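Presented below, as structure tokens, is a lone chain in the form predicted on its own.
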Amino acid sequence: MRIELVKRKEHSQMMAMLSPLIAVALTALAAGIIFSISGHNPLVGLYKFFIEPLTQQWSFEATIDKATPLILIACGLSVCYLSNNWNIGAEGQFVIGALFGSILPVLFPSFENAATLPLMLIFGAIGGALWALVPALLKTRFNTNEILTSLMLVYVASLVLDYLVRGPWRDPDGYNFPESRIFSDAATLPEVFGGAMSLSAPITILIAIILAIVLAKTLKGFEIRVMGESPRAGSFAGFSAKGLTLFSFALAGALAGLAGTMEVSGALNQLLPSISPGYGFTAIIVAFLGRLNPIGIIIAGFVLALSYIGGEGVQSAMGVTNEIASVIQGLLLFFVLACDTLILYRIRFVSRHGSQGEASHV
């Protein structure tokens, strides 16, 4: 007997809306089982992982800081995925954007005026976009697989960062530590709301809202949806698949690069050999958990940010390895994709002799 997935003629809109909540609930259940197997009280573990970061001011602010790059990167990735372009390299675009954005404070530290920070953000967006255009051009010109090329460029970007902070861009006054010079005040994002968060948070929310309006109300948003759902219909409407591939990758790269620049000019205030705990990869989960909708992504980004702070919390309080955050993120992605699959397909069992028995609909 074998198992087949048969596409449903119609799928439940209600279940499509509820599937992220179901995925989160199943992830919490699986996390509780993991805590139990490791010899810890599952209720205490779940509380410290998901709830406690929201009860203290410092951890709540840290959650916002973690959510900001996740939301911004995921917004860009949502455009790629809606247009059927599979950009997996946002982590590399984040890193290259941070490098481009750091050119002024690292190579021209005396350049300190009101234009410093805006130029840094522009350079970061340009750097991320250029890096993202590499797999896009390879796809449109040579039909290469964008998943592989964008992913491989992540490791290239990481090596470039490591080389620069250990070599040409290392702080001459840093006692040979692998780090760049500390950014000046002019190159540092200011804090807002009484120091509760960096300026990067409201910038990110504003971009997400603008992108949501563009996707829902403009011709470009219509083009993105049509080309993603039916490229053939889009071509009859005069839309260019190659042009949209270049556009979606450039936009996603620009937003990832902007997030990278805001990270090094805000939370880190310098370049280090590692500037990301995996934001570019986690943002993929955020994009799908948010249903590829920028407003949903804002909520999903906050949920995933809890996994970083909660992972640190259970490590310090319960002695659990901080890798549990990665495990729970992976489980969440699995359950999101599993729910989506069962919404769009039904399971059918087929015997070796050809007789069929259908499983109940999910």
Partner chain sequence: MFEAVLLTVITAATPLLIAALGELVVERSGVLNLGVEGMMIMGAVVGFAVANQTGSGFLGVVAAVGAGMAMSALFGFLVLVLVTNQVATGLALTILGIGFSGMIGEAFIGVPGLKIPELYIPVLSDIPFIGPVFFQQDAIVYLSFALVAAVAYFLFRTRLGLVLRAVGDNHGSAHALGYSVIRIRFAAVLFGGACAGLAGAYMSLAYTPQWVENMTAGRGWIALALVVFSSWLPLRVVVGAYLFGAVSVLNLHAQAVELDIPSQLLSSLPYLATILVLVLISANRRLTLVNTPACLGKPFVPDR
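In this text the structure is predicted, and so the values were computed from the model without any measurement. Heads up, when I say rigid core I mean the largest set of C-alphas that superpose within 1.5 Å between the two forms. Numbering follows the first chain given and starts at 1.
One more form of this protein exists, namely the form predicted together with its partner chain; it is left out here, but the text below deals with it.
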Which of these stretches, 43-51, 294-302, 315-323, 60-68, has heavy atoms within 4.5 Å of its partner chain in the model of the complex?
315-323
Since exactly one of 88, 187, 211, 251 fits, which has a heavy atom within 4.5 Å of its partner chain in the model of the complex?
88
Could you tell me which one of 274, 176, 144, 240 places a heavy atom within 4.5 Å of its partner chain in the model of the complex?
144
Residues 19, 221 and 226 all lining its partner chain in the model of the complex, heavy atom within 4.5 Å
no
Non-hydrogen atom contact residue 166 with its partner chain in the model of the complex at 4.5 angstroms
yes
Does any part of residue 216 reach within 4.5 Å of its partner chain in the model of the complex? Heavy atoms only, please.
no
Taking its partner chain as it sits in the model of the complex, is residue 284 in contact with it (heavy atom to heavy atom, 4.5 Å or less)?
yes
If you check in the model of the complex, is residue 116 within 4.5 Å of its partner chain, heavy atoms only?
no
May I ask you to list the residues of 3-17 that have any heavy atom within 4.5 angstroms of its partner chain in the model of the complex, in sequence order?
3, 4, 5
Given a core-based superposition, decide whether the C-alpha of residue 24 shifts by 2 Å or more between this form and the one not shown.
no
